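First, one chain by itself: the form predicted on its own, in structure tokens.
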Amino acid sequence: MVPHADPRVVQRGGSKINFREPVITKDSRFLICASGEYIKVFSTSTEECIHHLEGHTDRVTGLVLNPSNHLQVYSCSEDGTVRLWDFTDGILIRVLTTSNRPVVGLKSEPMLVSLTLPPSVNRNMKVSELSVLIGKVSPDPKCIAIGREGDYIASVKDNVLNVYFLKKKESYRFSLNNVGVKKARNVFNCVACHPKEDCIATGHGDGRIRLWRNFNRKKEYIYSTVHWHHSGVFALCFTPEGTNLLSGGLESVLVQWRYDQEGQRDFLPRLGSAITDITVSPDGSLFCTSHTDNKITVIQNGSMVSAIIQGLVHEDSVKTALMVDPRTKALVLNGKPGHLQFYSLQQDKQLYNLDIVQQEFINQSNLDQFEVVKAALDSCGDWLATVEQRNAKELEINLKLWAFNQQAQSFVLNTTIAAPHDDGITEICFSPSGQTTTTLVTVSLDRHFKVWQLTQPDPADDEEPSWSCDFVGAYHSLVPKCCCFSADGSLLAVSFQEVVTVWSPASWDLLTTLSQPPGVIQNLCFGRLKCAKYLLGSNDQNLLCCWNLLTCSLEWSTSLDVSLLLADPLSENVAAFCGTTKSTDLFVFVPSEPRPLFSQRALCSGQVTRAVFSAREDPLDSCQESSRWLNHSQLYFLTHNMDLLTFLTKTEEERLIASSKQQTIDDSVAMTPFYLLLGKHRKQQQEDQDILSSQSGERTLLPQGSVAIKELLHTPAHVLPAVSMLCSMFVSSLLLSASHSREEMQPPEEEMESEKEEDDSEEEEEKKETEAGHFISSSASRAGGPVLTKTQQTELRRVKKLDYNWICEIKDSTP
């Protein structure tokens, strides 16, 4: 084992941006949302991530704008701290540490407490004054709302509404019928308070919305009911003026209710998946809806979708393997129902969705619909294979082959094979590139594996290539589990319970079988490069085995509970993830070496469900023994919380620091395509100008590069001194230096008093120009500068006659 701190595990994205309700800034320019342990600041116009605020050591659970400074935001986390940020510059201002960290246990009940922030300028503070307001509240923030001017707090849980009055320090409790069928219908899902009046809106499991009034008198309260949603209401929010009430639910429709006219409503349908949160900007111009597919939709003027911020789509579990598209270098895995998502690892955002099922998804429970369960990409990115199935009365399976279309820059359906197997498919894989024909292998619970081969049509025929079954294999009626090809495609390994079979793709003959030690094989992978003679596998008896294919014998085995086993395609390294649901360990080793290259205990909390090696565009030259295995490929892995993690080496960290120091653009400006085009144009202009300057001798500094202009344009206005103090320096920077010209050129002639004296005869003018030309040429030659032409000399004399004294007078008159 190599006990070294380098490399370290970092998050590369994937966390839920819909975990908590986002915050819209006062000017509606930015959207702030919690994402795992981080806080992301998005532009509401360009959808780009402007800042990535890091500092919390556990999941961020809430965000709120600072009421005394609209450029700051508070965040709270499960690490027991409250942090104050300047989100425009991405700076941490203050850290408040509470005395009691959150307690999680079987018998613990969440409580609503108030926290008093003492006035202090210290960066780190500890706050111990906590007072309990309401006990036994729901942990969901949607079930707690603050009333008009902070007079009361409304909290809902199960079938009970609690209203706590801060001034009177009294709590009133209102309950609905919780007997029989009505108990499920009357359950509270969310709550919202009117900003101007004493009114509380509650959303319920039966789709009804209740408006509570006169609740400050416990026995005289009343409520009215409005109903449109056919299922539970998941989100409620009032507009800043209280004129409209917004609601959302499973239907993915934003409903706008007129507050004074409860029967009238407007709809914004087809927003995607179910709505979980609704946020309104302080000026009421923007609405934001959070959705179950890890998406935030920005709605302008309540009627038009202006932006969509899409994170890594979260499902209950990722059924497909993690893949990297060779063309876009994007991560490919399950997306929204019936889709595959292509997710950019560099930009931490979704590139696009590929509709696999090509059927409308219906948001209804207990309804069997097709879902994508398996997917595989070939090594060149030309073909994509997907398996979709539906568990109805009879299992329905479709195998689809997709060809990459250069014109559309996407995958297009080529072949659909209905019922490719009689039972569920457990594994699919493509043969590596370099083979004469492209081959796909599918392994099924029907005790067979099938080989599908690509058939190229006759060039004379105007037809597309198609797929057909080339071979069906089995072994003693055993159920196969997994399969894999060797790096050169000359061998295919298929596991049948406790037996590993090795086949020849050239003739599909069974070459050998490997059957010790006992245990059902769970994972298989071939060694690479110098270790190509080894085959590795793990079984359900917590054993990791390595077979030598030259001797067809067991090379070594070790006791290890392996959940994932994968080989780096660019090196001999093999990664093995081991662990339970609480934590995961990682071991990186070479099959021919007795000791691992790298190992780390408790790599992350929870179990790693999927992992993949991604080739680096620029290989590293790390000399650290612990990080040398990351020189050619980067390892990404996905946790049960859908956090996408990877390793950051010291070399990469130094590169990031160096690039950040060289960055010349303002971080608050989004990197839009227009900006890239403009920046490229400016760079080309600068290069052309440098070439011209080098040809014309000594380069003269341009006014745009002066210190005064840079200070005026790039320094925040609120920290600049008075304009009168900068005026002198600013005007001086606009003046061109005349020292260089005086060294090379003759002093300017005095201006003639009249126009008649200035116009001499042509002979005299030509004589003067000739004499001046000889003098200037000789002066320029002595100075090492270029020789001026006759036209340039005439233009130079005209410029010298201009009077610039008015600029000097402005400079001298400036205080």
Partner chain sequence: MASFKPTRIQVYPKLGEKVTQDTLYWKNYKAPVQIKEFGAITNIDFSPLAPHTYAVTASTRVHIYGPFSQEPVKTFTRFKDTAYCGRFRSDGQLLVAGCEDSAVRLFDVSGRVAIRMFKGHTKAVHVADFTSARYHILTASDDYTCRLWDIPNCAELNLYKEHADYIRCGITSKLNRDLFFTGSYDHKLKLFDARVKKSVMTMDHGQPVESLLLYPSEGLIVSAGGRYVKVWDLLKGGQPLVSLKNHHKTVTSLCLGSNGQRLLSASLDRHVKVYNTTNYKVVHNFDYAASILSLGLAPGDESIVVGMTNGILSIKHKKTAEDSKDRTVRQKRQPSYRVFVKGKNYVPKQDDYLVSKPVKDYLAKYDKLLRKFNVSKALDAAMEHWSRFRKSEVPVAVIKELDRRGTLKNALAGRDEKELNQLLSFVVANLIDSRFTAILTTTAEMLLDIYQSTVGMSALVDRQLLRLQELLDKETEYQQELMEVLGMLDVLFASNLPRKEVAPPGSGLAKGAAVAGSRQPQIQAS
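Positions refer to the first chain, counted from 1. All of these numbers come straight from a predicted model, not from anything done at the bench. Note that the rigid core is defined as the largest set of C-alphas that superpose within 1.5 Å between two forms.
There is also a form predicted together with the partner chain; it is not shown, and the following applies to it.
> Is T609 one of the residues lying within 4.5 Å of the partner chain in the predicted bound form, judged by heavy atom distances?
Outside the cut-off, so no.
> My question is simply whether F471 lines the interface with the partner chain in the predicted bound form - judged by any non-hydrogen atom within 4.5 Å.
Yes, F471 lies within 4.5 Å of the partner chain in the predicted bound form.
> Would D260 show up as a contact with the partner chain in the predicted bound form if we use heavy atoms at 4.5 Å?
Close contact is absent here: in the predicted bound form, D260 is far from the partner chain, nothing within 4.5 Å, heavy atoms only.
> Could you confirm whether L322 comes within 4.5 Å of the partner chain in the predicted bound form, counting heavy atoms only?
Result no; L322 lies far from the partner chain in the predicted bound form.
> Identify, from the list Q359, Q346, T243, N542, the residue with a heavy atom within 4.5 Å of the partner chain in the predicted bound form.
Exactly one residue meets the criterion: Q359.
> Taking the partner chain in the predicted bound form as the reference, which of W508, W556, Y352, F165 has a non-hydrogen atom within 4.5 Å?
Comparing distances to the partner chain in the predicted bound form, the residue within 4.5 Å is W508.
> Please determine, with the chain shown alone, which of 190-198, 411-419, 216-224, 322-330 has non-hydrogen atoms within 4.5 Å of the partner chain in the predicted bound form.
Comparing against the partner chain in the predicted bound form, the contact stretch is 411-419.
> In the predicted bound form, does each of V305, L367 and T551 have a heavy atom within 4.5 Å of the partner chain?
Checked in the predicted bound form: all three residues contact the partner chain.
> Taking the partner chain in the predicted bound form, which residues along 479-499 bring a heavy atom to within 4.5 Å of it?
Sequence-ordered list is empty.
> After a core superposition, would you say R595 shifts its C-alpha by at least 2 Å between the shown form and the other one?
No, shifts by less than 2 Å.
> Indicate whether F267 shows a C-alpha shift of 2 Å or more between the shown form and the other one, with the rigid core used for the fit.
Comparing forms between the shown form and the other one, the F267 CA shifts at least 2 Å.
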